[in-house]
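Take a look at this single chain in structure tokens; it is the form predicted on its own.
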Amino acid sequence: MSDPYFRIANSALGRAALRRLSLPIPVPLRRYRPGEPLTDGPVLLLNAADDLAEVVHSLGVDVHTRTPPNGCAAVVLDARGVRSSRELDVVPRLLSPIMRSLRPHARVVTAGLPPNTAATTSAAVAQRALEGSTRSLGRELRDGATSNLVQIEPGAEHDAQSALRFLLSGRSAYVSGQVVRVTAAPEPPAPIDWDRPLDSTVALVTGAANGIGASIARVLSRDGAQVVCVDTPAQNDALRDVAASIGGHPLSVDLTDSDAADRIAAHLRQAHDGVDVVVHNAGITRDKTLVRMDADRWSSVLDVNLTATERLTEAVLADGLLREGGAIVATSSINGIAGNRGQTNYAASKAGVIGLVDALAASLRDSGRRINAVAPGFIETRLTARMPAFTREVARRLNSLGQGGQPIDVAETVAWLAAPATAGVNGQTIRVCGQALLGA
């Protein structure tokens, strides 16, 4: 989608003019390309205990413990040892001196503890405080840099490798100001091909004919999955094109039909003998303020975005159809977190998706499976292209990266959550919003 401000900001004259006016200057983000290095330069490791240092070194990156002369592409600060509010000064003491050495698109990752695992009240308070410093740092960074916090449960250090890989790489280009909790995976991780982490898996993607859903299908296929692409009969031609382009399987179903979930489950059982990844992406909007919200607008959005998701989830969990180690990834929205004028129906449905994740996480973990959600912010799609120009422009700028995200940004996050190596991440909602000013 065309973004005139972005083009102006990245021209020599435009950049100079915007600097004089003290206006935000969005830059092209560093996104993942197959075969490229995990980071595009040195990784500075600060204050790291041996267990985390071992994990960072295992990533195959160029690790330094002092600021390299040519600057840092990434920084990992180990703050798990912070036990009181007074000890929080480790953040400015170690990070402030190296801020000017950060390269464009740098990644700053702080490692902390889940507050509920801290040994004392003071330690729990301090670990929770790291969320505030991490998010505020994300607002201060420039040139496409991001800041995120990984809370690592004691004993789950090696399970954090997948989260660190994601957050240090170009895959997380539009993810900033987020908190990722890592717990010990139910089973030790098997040897992993990090270039094709979904090899020999079957993935189902709803709403796969266009936009974000099509991008998710392509990325899952790129990562090795055999993808079943689901969309409504009205999207049949586009659905077939997407499926054909990735060697996938089109399945034309209206998710609001009373038997839709059973039909999809039957297909997965008969054609694939089960499924490893289920991505609930299908969704619609029917916006009106509540005083003008008719029953059809309300029910149609809830039926597609939430009720169909619940029914399909129930169907794939029946009789072990979702295989052991399997993952469900649902699509929420930052509007389901912060709300949005004229979207009481949509926000209710997307908040309900987060409720589904919260409700099922513990029981799925007990059975060796997991569920998470992504919450996109403003993503450049055909739907957002129809927004009024002023509203669209405001939405693009109201985040720390100063631009709209791309469907690939959501797809990369979904693929990371779907990968077997991410088994230690469960019951979470990860915002893919460039650290939007609201709800992030």
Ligand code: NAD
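Everything numeric in this text was worked out from a predicted model, so none of it was measured. Counting begins at 1, following the sequence as shown.
What comes next is about the form predicted together with nicotinamide-adenine-dinucleotide, which does not appear here.
Which one, 162, 147, 331, 169, lies within 4.5 Å of nicotinamide-adenine-dinucleotide in the predicted bound form by heavy atoms?
Comparing distances to nicotinamide-adenine-dinucleotide in the predicted bound form, the residue within 4.5 Å is 331.
Out of 241, 254, 157, 143, which one falls within 4.5 Å of nicotinamide-adenine-dinucleotide in the predicted bound form, going by heavy atoms?
Partner contact (heavy atom, 4.5 Å) among the options: 254.
Contact between residue 284 and nicotinamide-adenine-dinucleotide in the predicted bound form at 4.5 Å, heavy atoms?
Yes, contact at 4.5 Å.
Would residue 304 count as touching nicotinamide-adenine-dinucleotide in the predicted bound form under a 4.5 Å heavy atom rule?
Yes, contact at 4.5 Å.
Could you confirm whether residue 42 comes within 4.5 Å of nicotinamide-adenine-dinucleotide in the predicted bound form, counting heavy atoms only?
Residue-level check for residue 42: no, no contact with nicotinamide-adenine-dinucleotide.
Do residue 217 and nicotinamide-adenine-dinucleotide come within 4.5 Å of each other in the predicted bound form, heavy atoms counted?
Residue 217: no contact with nicotinamide-adenine-dinucleotide in the predicted bound form.
Within 4.5 angstroms, counting heavy atoms, which one of the listed stretches 359-367, 205-213, 127-135, 105-113 is next to nicotinamide-adenine-dinucleotide in the predicted bound form?
Among the listed stretches, the partner-contacting one is 205-213.
If the criterion is a non-hydrogen atom within 4.5 angstroms, does every one of 232, 350 and 379 touch nicotinamide-adenine-dinucleotide in the predicted bound form?
Yes, because 232, 350 and 379 each have a heavy atom that approaches nicotinamide-adenine-dinucleotide to within 4.5 Å in the predicted bound form.
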